[in-house]
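Below, in structure tokens: the form predicted alone, a single chain.
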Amino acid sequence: MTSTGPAFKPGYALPSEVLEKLRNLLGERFSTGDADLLSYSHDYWPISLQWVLKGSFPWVPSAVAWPENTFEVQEIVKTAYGNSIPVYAFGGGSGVLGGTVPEKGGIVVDLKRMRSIRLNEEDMVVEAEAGVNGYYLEKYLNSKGYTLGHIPQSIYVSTLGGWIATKATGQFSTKYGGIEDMVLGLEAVLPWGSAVTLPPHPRTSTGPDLRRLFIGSEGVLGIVTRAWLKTCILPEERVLLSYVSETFEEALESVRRILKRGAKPAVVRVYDEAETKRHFYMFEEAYGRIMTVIVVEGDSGIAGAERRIVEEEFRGRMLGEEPVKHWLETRFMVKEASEFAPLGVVFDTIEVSVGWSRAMSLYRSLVEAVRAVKGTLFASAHASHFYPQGVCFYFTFAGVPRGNPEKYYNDVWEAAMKTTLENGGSISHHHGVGRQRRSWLKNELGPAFNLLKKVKTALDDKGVMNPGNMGL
């Protein structure tokens, strides 16, 4: 139901017996108040920012719940399932693809009150509830001499559950991997309200890995409430390196050679000419060229060996530590989308992945395709996550549409997704699918999309878990 101004209405009213049961269970931690419904009607999806500016919200939940333990999550889900009411798991609200938007009305379940942490130092495993804030989790581990190594740009406002749900990765992924490489076990509440625990093991060969069923499932198969993750010792040494190259291709090839030799720098970021000017304008040597920043860290022996490999393989002029320090100081600044939107400028990023053999083809084609969309002011990219087999490109675009901002936004995404698939890439590297990418998921998965639908139907026969997300 579309609504305008403060007098919005939820998609539908919950049955009185449901309201009574959940209020008895949660007390003041259950709300149908307008302010709460409005707050949980959107995430950081640029389209939903347009809703905020217009004061018009097409989808609003019927209620919001704040459970404090797995039992309460079970009771909420069990009640919703028995009454065929949709349920949406909510973490920090930092998603950029509409993955938590309550498209069918129903109950938003905010997990942020579930934030306990327990560290097993002998096994180097941390157990944490899904609602724990990412920054708090990392700082807790640091205080004990450990790190998760998972530092997404959203670390201050995202949660562990959100990381797992979207199969997230962080800025230090080239060394530590994505969240799927860290999860050893998890607990999840299934669509009918039962809880399943997949205990942590260093490795197990007991059939298909059911943990992977929930990693990246974006709330459509259940709600992850707890996880066990492997930790690493805080690095003994950190080395900051930067280089200026003449071409984007030359810099990427240098990184490919480094990884081919087995070195794993924690951070590698290669900026094309436009983004070098935008982010490193204060370094005269980099103007009109390509900036690469690298962080090597770990045991001093390992860090020293990896530094030597980087210095041997990188073809470019070394600039030293200052550009890396600048990146470290500014890496969490992501204010453009919210600052530009009130001015009529549409701003967003699109991350995709591709193998090395098609990397430059995809980069050139996608930038050209986005620039060709009427209204585009600029399109650029940097490479931010690297593997021996390929790379993640993080594209940025901005435009001033003459008509509907949402149409321009979707036209850009259409061009980007089509170009990515044509060049053999994956339409998402770490932000997930949500509602923005769902139209193209079928194209990437092909017949396997029907398999995903069968898994969804088998687990969620009533379709109550985040309906519509990922096209399910």
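Every value quoted in this text rests on a predicted model; they were computed, and no experiment measured them. Residue numbers run from 1 along the displayed sequence.
The form predicted together with a small molecule is left out here; the points below concern that form.
For the candidate set I294, A286, I258, L111, a heavy atom within 4.5 Å of the small molecule in the model of the complex is found for exactly one residue, namely L111. Scanning L229, I76, V268, V224 against the small molecule in the model of the complex with a 4.5 Å heavy atom cut-off leaves one residue, V224. The stretch from 89-97, 356-364, 202-210, 395-403 that comes within 4.5 Å of the small molecule in the model of the complex, counting heavy atoms only, is 89-97. Contact check for T166: a non-hydrogen atom falls within 4.5 Å of the small molecule in the model of the complex. In the model of the complex, at least one heavy atom of H430 sits within 4.5 Å of the small molecule. For the chain shown alone, G161 is a contact residue for the small molecule in the model of the complex, at least one non-hydrogen atom being within 4.5 angstroms. Shown alone here, G106 lies farther than 4.5 Å from the small molecule in the model of the complex, counting heavy atoms only. Here the marked residues A130, S154 and N469 all reach the small molecule in the model of the complex, each with a heavy atom within 4.5 angstroms.
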